[in-house]
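Shown below, as C-alpha cells, is a lone chain in the form predicted on its own; questions about how it binds or moves come after it.
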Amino acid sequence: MIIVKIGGSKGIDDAPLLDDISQLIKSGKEVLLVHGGSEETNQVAEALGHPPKFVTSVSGFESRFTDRKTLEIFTMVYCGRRNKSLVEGLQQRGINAVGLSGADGRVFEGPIKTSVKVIEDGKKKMLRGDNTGKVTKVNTELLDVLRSAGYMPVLCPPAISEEESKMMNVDGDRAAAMLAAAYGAEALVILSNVPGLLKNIDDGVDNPDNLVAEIELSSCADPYEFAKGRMKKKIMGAVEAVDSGVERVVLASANVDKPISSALNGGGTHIYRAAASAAASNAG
C-alpha cells in the first residue's frame, strides 16, 4: 500500500496526481489519499472577514491558530469543496472514491489542546481558545470496510478528540504518517509545490544541487537542519512514519508528470532509517 498526502498550497495542479493514482490502482497498486487545503482556507477566511492567524510554537514549529470560527471555515473548505473536487476527479478517471474527514467514523482520533504556547515578538505567550490536536489512533476498521467493498477513501482533517468528541485541526502530514504506520505502508509520499527539502529556500526550486536527495535517519545528526516554515512539520511527519515502521517517506513535487511514480523512482527527498532498508524498499 502507498499512502499519498497532497498539500493544499498555492500553485498545485491536481490533474497529474489524479492521473497517476488512477494508473497505479489499475495496475494493481493500492493507494490511500490524504489531502490538505491551506491556501484555499486562507482565501475563504479572508473573504469571510476572519483572516488566518499563524503562530510559531516555543519549539519552532509553525501552525494555524484554530479558534472555533476558523475551525468552521477550515471544515467547510477541507471537507467540502477540496475533498469533493478530488473525489470528482477520481470518479472521472474510473476510481470509485469516497471522501471522509478524520472526524467521520473517528477515522483520525487523538487528544485535543485548547491552548498553545507561542513566541510573539520574541516573548513567550499562552494563547487560549485553540482547537488543535494530534492523531494517535486510526480507525482502520471503517477504512477496511470501504476498501473491501471496492471504494478508495480520500481523507482529510479535521480529526475527532478522543474524550470530548470535538472536531479539531490536525496536521495533515502527521495524520498521513499515522495512517501509513497503521497499515505498515511500503511508502508515504508527501507532495507539495516544491521538489522536496531544499538546502536554501532562497536558491530556488530549479537548482538540482539545492535539493537534499536523502536523509538516512540512523546517521543524520539533525533531520531538521535545512527545514524552514511548514517544511518542519513535513519532516516531523516523515520521522514519525519511519519510526513507526514505514520503510521510506518521499517529499516531492506534485507538479510533475506522474508525481507519485516519479517520487517512488528516485525523485524528491527520500527519508529512511538506514541504507539497507531503503535498498530493500527500492527493490520491492
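All values derive from a computational prediction rather than experimental measurement. Quick note: we count residues from 1 along the sequence shown, nothing fancier.
Omitted here: the form predicted together with a small molecule. The next part is about that form.
Visitor: Suppose contact means a heavy atom within 4.5 Å; in the model of the complex, does that hold for all of G196, K228 and M231 with the small molecule?
Guide: The answer is yes; G196, K228 and M231 each reach the small molecule.
Visitor: Though the small molecule is not shown, can you say which of N169, S192, S161, N83 has a heavy atom within 4.5 Å of it in the model of the complex?
Guide: Residue within 4.5 Å of the partner: S192.
Visitor: Tell me, yes or no, whether I201 is in contact with the small molecule in the model of the complex, where a contact means a heavy atom of each within 4.5 Å.
Guide: Contact check for I201: yes, within 4.5 Å of the small molecule in the model of the complex.
Visitor: Taking heavy atoms and a 4.5 Å cut-off, does I12 contact the small molecule in the model of the complex?
Guide: Yes.
Visitor: Is the gap between S253 and the small molecule in the model of the complex 4.5 Å or less for some heavy atom pair?
Guide: So S253 does not count as contacting the small molecule.
Visitor: Within 4.5 Å, heavy atoms only: does S38 come near the small molecule in the model of the complex?
Guide: Taking the distances in the model of the complex, the answer for S38 is yes, it comes within 4.5 Å of the small molecule.
Visitor: Quick one: which of 48-56, 219-227, 236-244, 26-34 gets within 4.5 Å of the small molecule in the model of the complex, going by heavy atoms?
Guide: Among the listed stretches, the partner-contacting one is 219-227.
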